[in-house]
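Presented as structure tokens, the chain that follows is alone, the form predicted alone.
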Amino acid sequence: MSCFSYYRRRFLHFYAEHEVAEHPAVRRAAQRLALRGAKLVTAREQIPKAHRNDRTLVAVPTRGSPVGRCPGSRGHICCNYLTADLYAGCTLGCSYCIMQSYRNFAPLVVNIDTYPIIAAVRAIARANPGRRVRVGTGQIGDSLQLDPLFGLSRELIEAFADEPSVELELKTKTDFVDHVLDVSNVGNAIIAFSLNPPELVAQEEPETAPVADRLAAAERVAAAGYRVAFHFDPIIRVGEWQAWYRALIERLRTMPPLRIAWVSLGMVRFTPALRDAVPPRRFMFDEFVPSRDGKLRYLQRERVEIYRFMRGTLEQALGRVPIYLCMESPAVWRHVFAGARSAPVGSLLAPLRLPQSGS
């Protein structure tokens, strides 16, 4: 995707709260959108109702706790990922996206000030000596979809370059990486790509970058000194899914295994609210059962079979790379990794201590 023509076509309105109106990132975004400036509001509620949709961007000060824990799922193992929400909302149109069932403010929100995030992550690193601090910005929005406009990820990459324990992960379904390729010291920053076979991307991820473009972007960032990660999440069992995923994983052989930080696997899952909120999808007619967290998943034995297929295929293509499961039960972890050559990211499973604000 060509990012700036995409932005000018996709977004019609740009608002900023008064506190951040003169922030360099706001002025930069307005220029790149070919606007004279952002329209100023005291609070987001002042945005006209006709503009409260996903054709609108809103820049706001970073408020509240700038870094938190991934919410995880009750009864399932959590990898203790920390989240920093630079960008809230997404327009990439994935049919399975859980945000469709709970976001109640449709414009895309940009938390414009990175300093609170930087300070909070450094405090967490000091409070957990000897531990890896893994933090990402892709929990409630795509890390890079809007980033060439605002340039906020670069500030985080450069700030954490001298923090050896901090692993900043930028997760995306775009190929918008060129604006961070010239960072001189990337430290432990990781650029991660969510992947599904092209056949599923065409059906379920209509506005994302083609898989070939994501993989080409992964090669560019690896050449620029970053490590990369791949997230097969959600894995969807539909059509010729085994042949599709095997062919996709084969395409990863061109990536140097030592540049791959980790691979995550997650099964398609959704709440009853999401099922009711979106038009029926082909994959939703499979057999699903309620789990402890209230989400609908494939039967446990079927999930284990799918994960073992994925794990074995990844081992054949990449050898020993760290693999972990997203939002899965301890029983599934045991069955999937019994006798595995790949290395689960077990060291991440102990929770980090989050210091209180001001400590």
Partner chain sequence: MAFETTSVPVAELLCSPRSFDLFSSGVGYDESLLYARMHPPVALWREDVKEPTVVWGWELLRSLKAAGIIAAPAAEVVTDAGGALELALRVESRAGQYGWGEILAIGACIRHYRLHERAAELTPLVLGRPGSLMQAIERFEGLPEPLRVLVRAGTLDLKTAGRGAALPTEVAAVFAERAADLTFSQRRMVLGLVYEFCVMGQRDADEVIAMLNRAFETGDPPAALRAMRYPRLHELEQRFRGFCRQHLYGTGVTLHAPPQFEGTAFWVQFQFESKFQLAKRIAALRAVEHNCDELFQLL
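In this text, all values refer to a predicted model and were calculated from it rather than measured experimentally. Numbering follows the first chain given and starts at 1.
One more form of this protein should be noted, the form predicted in complex with the partner chain, which is absent from this view; the next part is about it.
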| query | finding |
| --- | --- |
| Segment that reaches the partner chain in the predicted complex - one of 48 to 56, 34 to 42, 310 to 318, 327 to 335, heavy atoms within 4.5 Å | 327 to 335 |
| Contact test in the predicted complex: residue 126 vs the partner chain, heavy atoms, 4.5 Å | no |
| Non-hydrogen atom contact residue 288 with the partner chain in the predicted complex at 4.5 angstroms | yes |
| Contact flag, residue 284 vs the partner chain in the predicted complex, heavy atom cut 4.5 Å | yes |
| Touches the partner chain in the predicted complex: residue 276 (any heavy atom, 4.5 Å) | yes |
| Heavy atom within 4.5 Å of the partner chain in the predicted complex - residue from 71, 280, 206, 257 | 280 |
| Listed residue (154, 132, 237, 251) with a non-hydrogen atom within 4.5 angstroms of the partner chain in the predicted complex | 237 |
| Members of 18 to 51 lying within 4.5 angstroms of the partner chain, judged by heavy atom, in the predicted complex | none |
